[in-house]
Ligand SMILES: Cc1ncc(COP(=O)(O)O)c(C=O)c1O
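The chain below stands alone and is given as structure tokens, in the form predicted on its own.
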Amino acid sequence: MADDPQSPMGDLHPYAERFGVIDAFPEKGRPRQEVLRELQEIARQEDSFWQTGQCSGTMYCGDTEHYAFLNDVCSLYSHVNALQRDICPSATRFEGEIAAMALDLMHASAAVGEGPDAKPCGSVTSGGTESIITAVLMYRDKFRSERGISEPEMILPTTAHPAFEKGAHLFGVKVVHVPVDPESTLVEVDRVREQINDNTIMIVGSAGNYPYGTIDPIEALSDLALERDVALHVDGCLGGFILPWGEQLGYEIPVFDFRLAGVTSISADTHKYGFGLKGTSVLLCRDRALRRHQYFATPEWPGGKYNSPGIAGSRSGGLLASAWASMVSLGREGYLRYAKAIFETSFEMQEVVKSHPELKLMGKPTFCFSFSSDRFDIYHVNDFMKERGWRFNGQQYPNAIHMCVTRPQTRPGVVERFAEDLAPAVKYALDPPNETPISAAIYGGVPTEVPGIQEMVKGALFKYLDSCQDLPPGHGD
């Protein structure tokens, strides 16, 4: 990964020189105030980057007063283990009510059937990845138990989040990719239909997908799921806590939730547009029988009868409390107000992009938009904008960059700065000093036809992950 000179994280070990490196257990503890001063200095530096409003996604709320409130709430329960409900019964309240509010937002009342198990339900996870891989686990075990499927397959649009592939890797599920339409960026439903077979356990649609922010044709996927009797998971990790408000505000948002009879589960991240602390997410199920496939219990352990509601064991009661507090302190009025500002800001920024004939929007986006170019490699624009302090997220196949609009972008002056900086960026890209963009090595331009290239790229990414978790060179070797 290339260094970003505008970001405090440009260097993998940015604080080694200033604060030293701890490569062994300290003999004596440091004074608490000294520790706090050091961490406050680092936090101020890192926060100053996203507070400009020029950072795509990442900080969805950006309201320091809201964060302070959530931190106060979290501190009351941060030391409590939600696994141990006998001494932490509040966790039952928080988790149950978070799920209830999310189910209400996703119109779960439309899915209520007869009998105690035919009732929509949910659980809280540590983030979108856990929600998604838990869904993969649920469907693997459901279809193994009910239909004897021993070689399960799931069908993914190429835009689906990599967490599905992680779940498939962990739980032995074959991934079948289907393409998206290059113009609409939406999954081609007929191609999904072609891939369904006797081993298919689930199909997936995104609302919206991460690369482009566009919403797959969930209604058509729902009809297909019912027709072929397979599960349909809707990945609303990114859009689940903003698209419903957009629909209520009158924006053109297609139905993607439990109002569609074929939708069997939905993931949505409370730590994104739910404006909670990292990391919490919800996994919502159409019925309780499905949710039971995520449970684990072993009654014969010498340590006692053990059970847990999901993949995690110990969980912080503080994160549950803070997610709950975010939702109840904002309420419908607060979420609607912030959603309107985010949607309107996104549309204004999209108009800036459309004002340049050299640029093109990908599909029909709403709160998150991606743009590319037929005239030049869009990463030339990315290079120039990085020099102006902007941090976009990048796509490949084709090369594109996106802005996931959050509350920091709704601050006065951000849209104007975007327009002021994008115009010279386009001029720069039309006549760049170098043929190959600097940032191309990060996201795009990888020739897939070269033998072994993807394994080489994967090896480089693994080395990067090693670097993120290891000490700087020369320390602790």
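Start at 1 with the first residue shown and count on from there. Given the structure is predicted, the values throughout are model-derived calculations rather than measurements.
Unshown form predicted in complex with this ligand; subsequent notes refer to it.
J.: This ligand isn't shown here, but in the predicted complex which of 161, 391, 407, 356 has a heavy atom within 4.5 Å of it?
T.: It is 161.
J.: Name the residue from 237, 283, 186, 136 that puts a heavy atom within 4.5 Å of this ligand in the predicted complex.
T.: Looking at 237, 283, 186, 136 one by one, just 237 meets the 4.5 Å heavy-atom criterion.
J.: I'd like to check something about residue 380: if you look in the predicted complex, is any of its heavy atoms closer than or equal to 4.5 Å to a heavy atom of this ligand?
T.: Close contact is absent here: in the predicted complex, residue 380 is far from this ligand, nothing within 4.5 Å, heavy atoms only.
J.: Would you classify residue 291 as touching this ligand in the predicted complex, given a 4.5 Å non-hydrogen atom cut-off?
T.: Output for residue 291 is no: heavy atoms all beyond 4.5 Å of this ligand.
J.: Is there a heavy atom of residue 269 lying 4.5 Å or less from a heavy atom of this ligand in the predicted complex?
T.: Residue-level check for residue 269: yes, a contact with this ligand.
J.: Please check if residue 318 has a heavy atom lying within 4.5 Å of any heavy atom of this ligand in the predicted complex.
T.: No - in the predicted complex, heavy atoms of residue 318 and this ligand never come within 4.5 Å of each other.
J.: Please identify, from 249 to 257, 187 to 195, 124 to 132, 322 to 330, the stretch that has a heavy atom within 4.5 Å of this ligand in the predicted complex.
T.: Every other range fails; the passing one is 124 to 132.
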